[in-house]
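Here are two versions of the same chain, shown separately as structure tokens and labelled structure 1 and structure 2.
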Structure 1
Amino acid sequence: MIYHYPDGQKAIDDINFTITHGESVALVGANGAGKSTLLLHINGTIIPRQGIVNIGNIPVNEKTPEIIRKKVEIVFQNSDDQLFMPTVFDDVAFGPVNLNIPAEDVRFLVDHALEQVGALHSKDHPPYKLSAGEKRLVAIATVLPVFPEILVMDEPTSDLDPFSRRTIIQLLKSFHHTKIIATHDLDMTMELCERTIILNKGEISSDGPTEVLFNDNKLLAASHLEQPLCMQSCPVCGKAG
């Protein structure tokens, strides 16, 4: 697949990969490497023009957005792209309401989703008044009530305090369907993703077991990455990670 933005900026350059059901895959790489652009192809926010994206045996195209969005839930990098309703409750309820789930069940699902991310206290607030981290938690909560087959997340832990980051990592650990996570949080990647794809200037520079890739310092440096802290030697005693 190849993708140029309408202004001519190349974002994806001839990439090709397959993810099978139940895999947990990280997408990492420098700023501007093309991670978000690639994720936007997976839920049909961007319709592929040169190349094919298949979700199972369904191609992502102008005719399939509804069916694709039932299978793929995305948490955008910018929470303001996710939250557009007057209150947090309305935003989290949006998915289940569209699935025609009865109102009482929707209320339960919303409370449960907000509880899971630790944001129940924000339920009646307007999203635009929340802090960046609070918005991130609510954005993640919006995808929880609809039980997608494929969960796509763009920087799920950015802006989060350490406690909330841990809550989200534990939550993602308990999600056993397919996960595709773009992130600069390589420690989280070590915990959650057995496979990593490294993007470099719109191309896949590596695709393989996370631990193998993260042990290759040359490869990491060439992709503007650093070994996660959990793999680095102790700065005091020098003991290996």
Structure 2
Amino acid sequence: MIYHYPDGQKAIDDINFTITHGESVALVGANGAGKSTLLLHINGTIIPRQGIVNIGNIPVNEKTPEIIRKKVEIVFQNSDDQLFMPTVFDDVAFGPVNLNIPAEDVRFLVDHALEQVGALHSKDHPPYKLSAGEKRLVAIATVLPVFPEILVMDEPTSDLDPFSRRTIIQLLKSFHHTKIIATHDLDMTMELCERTIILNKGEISSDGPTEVLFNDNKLLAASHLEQPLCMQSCPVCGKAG
């Protein structure tokens, strides 16, 4: 698959990979490596012009966005791009309402989703009054009532305080969906993703077991990355981890 920005700059250059059902896969790389652009292809926000993206045996194209988005749900990096309704309830209900699910079932699905993420108390609040961490939890809740097969997430722990970050990591650990996570949080990657794809200037520089790749300092340096803190030596005692 190849993708160019409107100004002609190449964002994705001949990428090819397969993710199997139930995998948790991290996409890591420096700013501008192509992570977010790749995610937008996976859920059909961007239609591939050169190459093919398949979700199962369904190609992502102009004829299949509704089918693809029932299978793949994306949580954007900026929660304000996802939360646009008057109340949290309305935002979480948006998906099932548009699937014509009966109102009584919608209420149950919304409550269950918010309870899963620990945000049921905010159900009647306007989203703009929530903290960044609360918004992120609600943004995740918005994709749960439609029971996606694949969760695609862009920087789910960015700009969060330590407690909110830990809450989201524990939440994602509990999900049995296929997860594709673009992130700079390599410590989170170590906890959640057994496989990592490293992107560098729109190309895949490596694809393999997370711990193996993160032990390759030469590979990380070439992709403008550093080992996660959990793998670095203590600056005081010199012990690893």
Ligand SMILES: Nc1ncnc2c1ncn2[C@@H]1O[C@H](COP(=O)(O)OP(=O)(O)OP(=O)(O)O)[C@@H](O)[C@H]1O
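Sequence positions of structure 1, starting at 1, serve as the residue numbers. Whichever C-alpha set is largest while still superposing within 1.5 Å between the two forms counts as the rigid core. Note that the coordinates shown come from a computational prediction; the quantities given were computed from them, not determined experimentally.
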| item | value |
| --- | --- |
| Form predicted on its own, given as structure number | 2 |
| Per-residue rigid-part match between the two structures, residue 3 to residue 104 | no |
| Degrees turned by the smaller rigid body between the two structures, as judged from C-alpha superposition | 13 |
| Cα displacement of residue 122 between the two structures, core-superposed (Å) | 4.4 |
